[in-house]
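Here are two versions of the same chain, shown separately as structure tokens and labelled structure 1 and structure 2.
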Structure 1
């Protein structure tokens, strides 16, 4: 090694050590706040911890996970989670894209519309759940109930009827997070090359053909990212549903996240509740991995 190269390598080593020193506190905080709780959660899921019957506590191995196979409440919550996630994500993409295409045709006032779209997103999910529970979906004097009675459709207990409660919480989640899809897709639409559309018009392509063969393929990366992000949020949804229905009536809106919470902190069965949370985490990670793999493959 030449004499000129030694100072350069020494300087690079000092810069790496300095960067590591800056990064170390953040890594320690990350380990303490995320990794350590996850490890503890996994360990708790392998134990029998029932505060209602503490004398039965002890190591359970995979018994908590084996119990899920014969737990109809688990399978019901898993089905509700799938329906809730698929419905909200599809509705958000369709409504968000429709609104983005509509707003793009408005030459003025787009800035005000973007600001208005941000408002539901910045609200805390608990606030959203309480807002819909007390002002929008409340029987007799809620906005939706007043509208249905004015149209002659009668009054309904939107959050108290098992057949309507799931539809109601899907509407709540869709209302809050559709603006996210709208803003992302609107920004993507604004960057599409106009010359491609001009060439399609010269070839006499209809508006539907331009949408299917040009707009959708060019928007695909943005749509995929919206689907991934919204799916992760829907799988971990909790606060809005808890504030609106508490998982009820009965178990009509008890998605897997709420079932884990109820089992742990209402029924005091921390071991089984932890195993439910681990299963939800595994499902979320598996879906995320699959989506990113499919995105890279395409």
Structure 2
């Protein structure tokens, strides 16, 4: 008997119809809210749309993309994006993992730690940025400056100096999201089988050997996942930097996100902004594909 000869009301067919009925609304919504805008974005990136000079609008071909090559601000933003993403992810994983390993050794009080760790995660990035800009990093009266002054290290303009500003926004991001890495890795550590460690101990492996040969390999899937998720967050970071420095001073903290935003909504050059956004999307998708490939290869 062939599939065609079978009545359509067989169990599999009915399951298929039910599945599509349940899935279709969400897929339509996603199509409308993500894919259609992408197509539209691709189109606007090929146009000159300058709300400051609307009379110049029109099809521009790949002009916007060609312009990027000779745009130092673009290359700067690309470099900053790389620095920002790499440094925050590495810091989060290292700090999160170290803290998780430490905390695992503490017999009590893990609950309190978990609450403390939740706190930064639930805060709005924009509020975090504002907080740091005022209470924490402000010259003279911010927490950090008061500390450095008390320690005799003098006062610094943490967000006003280009180099310090970059370090500051990296610190802000790391502050807010390290708890994520910490909590996830702590949970993964807690699920590692204790008998493996006992066996290793019987084999006279030192604490460091146990870490390198047992903990790390067992933890690798979780670490890889944390790296992927943290990279995604870093690549779409916006609000905290926007609130803390607005991309400045000058363009010292202007990662690609902020450059695309400023071009579009401060300078009102939506055409060029769109092409920057397309580049951002392409980079993000490329990196995530690479990472998932990597993860599957493992």
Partner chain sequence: MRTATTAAARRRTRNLVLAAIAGVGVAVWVFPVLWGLLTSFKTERDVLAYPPAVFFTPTLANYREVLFGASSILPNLWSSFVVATAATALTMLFAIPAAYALGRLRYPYKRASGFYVLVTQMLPPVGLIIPYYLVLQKIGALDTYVGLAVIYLTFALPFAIWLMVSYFEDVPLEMEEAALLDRAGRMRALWHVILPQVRGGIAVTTIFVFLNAWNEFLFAVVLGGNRVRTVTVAMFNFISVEQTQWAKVAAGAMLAMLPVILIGIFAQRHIVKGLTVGAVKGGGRR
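Computed from a predicted structure; not experimentally measured. Positions refer to the first chain, counted from 1. Between two forms, the rigid core is the largest collection of C-alphas that superpose within 1.5 Å.
Between structure 1 and structure 2, the form predicted in complex with its partner chain: Of the two, structure 2 is the form predicted in complex with its partner chain.
After fitting the core, residue 289 CA displacement of 2 Å or more between structure 1 and structure 2: Residue 289 C-alpha, core-superposed: shift of less than 2 Å.
Please say whether, between structure 1 and structure 2, the C-alpha of residue 30 moves by 2 Å or more once the core is aligned. It does, since the residue 30 C-alpha is displaced 2 Å or more between structure 1 and structure 2 after the core fit.
Distance the CA of residue 18 travels between structure 1 and structure 2 [rigid core superposed, Å]: So the C-alpha of residue 18 has moved 4.6 Å between structure 1 and structure 2.
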